[in-house]
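Let's start with one chain on its own, the form predicted alone, as structure tokens.
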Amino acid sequence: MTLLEQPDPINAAERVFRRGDDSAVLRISEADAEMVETVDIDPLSDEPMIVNMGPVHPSTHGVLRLVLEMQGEQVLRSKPVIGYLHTGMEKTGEQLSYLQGGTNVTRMDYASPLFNELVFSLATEELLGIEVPPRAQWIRTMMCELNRISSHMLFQATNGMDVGAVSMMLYGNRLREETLRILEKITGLRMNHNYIRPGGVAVDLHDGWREDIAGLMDLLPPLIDEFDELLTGQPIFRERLQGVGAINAEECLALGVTGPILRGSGYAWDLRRDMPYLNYDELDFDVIVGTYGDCFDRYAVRLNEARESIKIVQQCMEKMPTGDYRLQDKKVTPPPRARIDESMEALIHHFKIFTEGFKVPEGEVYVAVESPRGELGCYMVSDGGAHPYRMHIRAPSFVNLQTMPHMMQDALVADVVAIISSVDPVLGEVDR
């Protein structure tokens, strides 16, 4: 466990604001003097005002709408309103075969699609009662950590931009691009990869993958150090984040919140360590926690988690075994592509598995993984057919949105943007 230290947070209640006189006089033109000579304005009126923020506001990180009850510049109450991006992915998943399901779930959290594919595949494999080869396990672990880095770098870019550090959009996206370039080289796509599939992964690692990933691992640390130099000690940046949007561990647990928000509040809970899956029990890494649970802690947790992911990727490279990248099972995985031109049996097998799919024994299962936003779970029910009878996704962004009314109470409207950014929601998995 690693504890992030920072100075005592700024108490929002101690901030002093200049609101002007209790009343003001607006002078009108002489042409209207016969109607009225002056108009009294009370800028400190006790009457609250309802303000809509979003759903097309650039800083709401998607089509999120917030209904704010304002008293001047102070937020009395807030209410997130969702549903503007609803695509029915859970219901769609019940119409697709288990082999097709990866193309659907990968689009939910589009900033970290490999985690969606992983949790879906793990749930399917548990219903099937199969275990993928060791090489496939290590490839999945390494790819997910690369995806975690790209997701956290996207957060650093948008978080800096939201609080006025415009240069961070360039720095953060530059680092994310370097990571996406490797993901594209391995999977063929920058996002929505459909790479992790039931039974293993779509293709093996390409020739020269070690050199490519080793080069990326050498490039990332100094670039991440630039973030520390640019932001962490910057007084204006700290003023915008410290003491803003604070939430404690007890509130997080009561709301079911996980991920960097919970760890930023000082509670060290990480499924990779506490409920290991894949090969995480064979890896050495720290669980990063904060102290005060404010926006600054959540920024620092994600920054340091990217460093831990680099350590994990390097260990995966060292421990990567040889062997099959997917299960050689005619019922679950398609035949090697080279065999299709050589064998009629392989051609029929290929045709049937991509048209009919494979059948999964009756049962129900819940599997969870640690995504960049918290616990990502998949509840799946099979009736013995070739597609799920019921599929439900426990999306961390959906649960984490419940923290916003607590974080925003009595905050300033200028702090609302910083709080939304620190939650790091992806509306694609909220409105699934």
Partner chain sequence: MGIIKDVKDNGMGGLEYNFLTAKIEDLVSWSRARSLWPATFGLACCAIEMMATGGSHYDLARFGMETFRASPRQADVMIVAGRVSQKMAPALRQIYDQMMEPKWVISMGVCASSGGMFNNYALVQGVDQIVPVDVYAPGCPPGPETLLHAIVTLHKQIETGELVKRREATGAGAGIVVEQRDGQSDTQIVLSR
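Numbering follows the first chain given and starts at 1. Everything quoted here is computed from the prediction, not taken from an experiment.
Keep in mind that the form predicted together with the partner chain is not shown, yet the notes after this line are about it.
Interface membership of F354, the partner chain in the predicted complex, 4.5 Å heavy atom rule: Residue-level check for F354: no, no contact with the partner chain.
Is there a heavy atom of E177 lying 4.5 Å or less from a heavy atom of the partner chain in the predicted complex? It does: once the partner chain is placed as it appears in the predicted complex, E177 has a heavy atom within 4.5 Å of it.
Using heavy atoms and a 4.5 Å limit, would one call G88 a contact residue for the partner chain in the predicted complex? Contact with the partner chain, yes.
Answer with yes or no whether Q234 is in contact with the partner chain in the predicted complex, where contact means some heavy atom within 4.5 Å. No, no contact at 4.5 Å.
Contact check in the predicted complex: G62, N104 and M169 versus the partner chain, with a cutoff of 4.5 Å between any heavy atoms. Do all three pass? Yes, all three are in contact.
Where, among 286 to 294, 198 to 206, 79 to 87, 338 to 346, do residues come within 4.5 Å of the partner chain in the predicted complex by heavy atom distance? In the other structure, the partner sits against 79 to 87.
Counting non-hydrogen atoms within 4.5 angstroms of the partner chain in the predicted complex, say which of Q74, S97, N173, Q242 makes the cut. Only one listed residue qualifies here, and that residue is N173.
What is the one choice in L327, A165, M191, I182 with a heavy atom within 4.5 Å of the partner chain in the predicted complex? Checking each option against the partner chain in the predicted complex, the one that comes within 4.5 Å is M191.
What are the residues of 129 to 161, in order along the chain, with a heavy atom within 4.5 Å of the partner chain in the predicted complex? In sequence order, L154, T158 come within 4.5 Å of the partner.
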